[in-house]
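Consider the single chain below, provided in structure tokens and representing the form predicted alone.
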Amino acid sequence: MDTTPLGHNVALSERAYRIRRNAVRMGEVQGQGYIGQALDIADVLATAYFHAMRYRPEDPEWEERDRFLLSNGHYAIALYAALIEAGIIPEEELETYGSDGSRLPMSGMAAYTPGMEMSGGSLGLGLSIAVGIGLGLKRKNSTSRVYTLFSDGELDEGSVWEAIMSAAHWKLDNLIGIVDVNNQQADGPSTQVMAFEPLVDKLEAFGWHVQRINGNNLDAVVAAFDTARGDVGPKPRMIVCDTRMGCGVPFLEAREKNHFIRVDAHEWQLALDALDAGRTA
């Protein structure tokens, strides 16, 4: 299958639920991890992999695929959860998450994991790599798109803004950036570490087509992806997603510090129960 993968027989909300559940199950293997981010970005990943992107689960290196670059490598647990749901990685491998010899290391490594397009341990590089890939695809007259997920904390990096400027210069209308604005990074609230607002105005001034949405509202996410894939002129496209860390698990959402979460042994089942309750609500 080489278009919208696995069809539309299962609702996107069900895909997002399964992505969240896969991430929590992987987190339980280590007892900790970037669970808050995986829960907040699940709706975006569900839309990318089960509505928007073109790829073949059985052939992750298919030349005509759309590329999904994970710049924020610590979100790897979220992408693994989506790759498992997409059938690119076998579900049983989630039990190996972060373990020696696993294809699912805690930070994304392209050499280890099928479907992982870049290694993202150092932040601020994904958009620059996407510009290069986008240029290469253009020169090969490819119709493939490049999607790049990065975090609001990466807006601290000068390389991100150089990529923003160069993507507009090269009129890369095959590039769709997705920035996760959850206002959390290792050193504290992102907007306090380095103010980046008004973000939409800045991106538009650089020459991008920009949408800002609630990244935890599936209808809004789908509409934004559809617009970004449409004809908005010869310019790169950015979707600014405001999200909630820990979305779907209320007691994790409420934690003051949830950039890297340590979860007590009994709480993993509580997290799964919360997701199950939200699924049937």
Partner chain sequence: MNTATAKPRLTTSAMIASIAAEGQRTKPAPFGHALVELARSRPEVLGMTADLGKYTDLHIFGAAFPDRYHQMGMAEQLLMGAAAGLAHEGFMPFATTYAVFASRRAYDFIHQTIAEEDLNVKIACALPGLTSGYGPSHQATEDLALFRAMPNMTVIDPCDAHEIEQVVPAMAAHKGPVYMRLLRGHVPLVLDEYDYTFELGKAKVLRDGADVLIVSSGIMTMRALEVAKELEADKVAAAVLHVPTIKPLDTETILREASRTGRMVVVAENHTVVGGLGEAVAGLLLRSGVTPVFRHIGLPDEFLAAGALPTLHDRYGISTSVMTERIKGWL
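From a predicted model like this one, the values you see are computed outputs, not experimental measurements. Positions refer to the first chain, counted from 1.
The form predicted together with the partner chain exists for this protein as well; it is not shown, and the discussion that follows is about that form.
Note on contacts: among Val181, Ile88, Leu123, Ala168, the single residue with a heavy atom within 4.5 Å of the partner chain in the predicted bound form is Leu123. Between the partner chain and the residues Tyr34, Phe225, Phe68, Phe50, the one pair within 4.5 Å by heavy atoms in the predicted bound form involves Tyr34. With a 4.5 Å cutoff on heavy atoms, Ala186 counts as touching the partner chain in the predicted bound form.
Although the partner is absent from this view, Met194 contacts the partner chain in the predicted bound form, with a non-hydrogen atom inside 4.5 angstroms. In the predicted bound form, the partner chain sits within 4.5 Å of a heavy atom belonging to Ser107. Interface residue remark: Ile213 is not counted as part of the site for the partner chain in the predicted bound form, having no heavy atom within 4.5 Å. Picking from 169 to 177, 90 to 98, 138 to 146, 203 to 211 the stretch near the partner chain in the predicted bound form, with a 4.5 Å limit on heavy atoms, gives 90 to 98. Relative to the partner chain in the predicted bound form, residues Pro57, Glu61 and Asn217 are all farther than 4.5 Å at every heavy atom.
Of the residues in 132 to 154, those that come within 4.5 Å of the partner chain in the predicted bound form through at least one heavy atom are, in sequence order, Gly153, Glu154.
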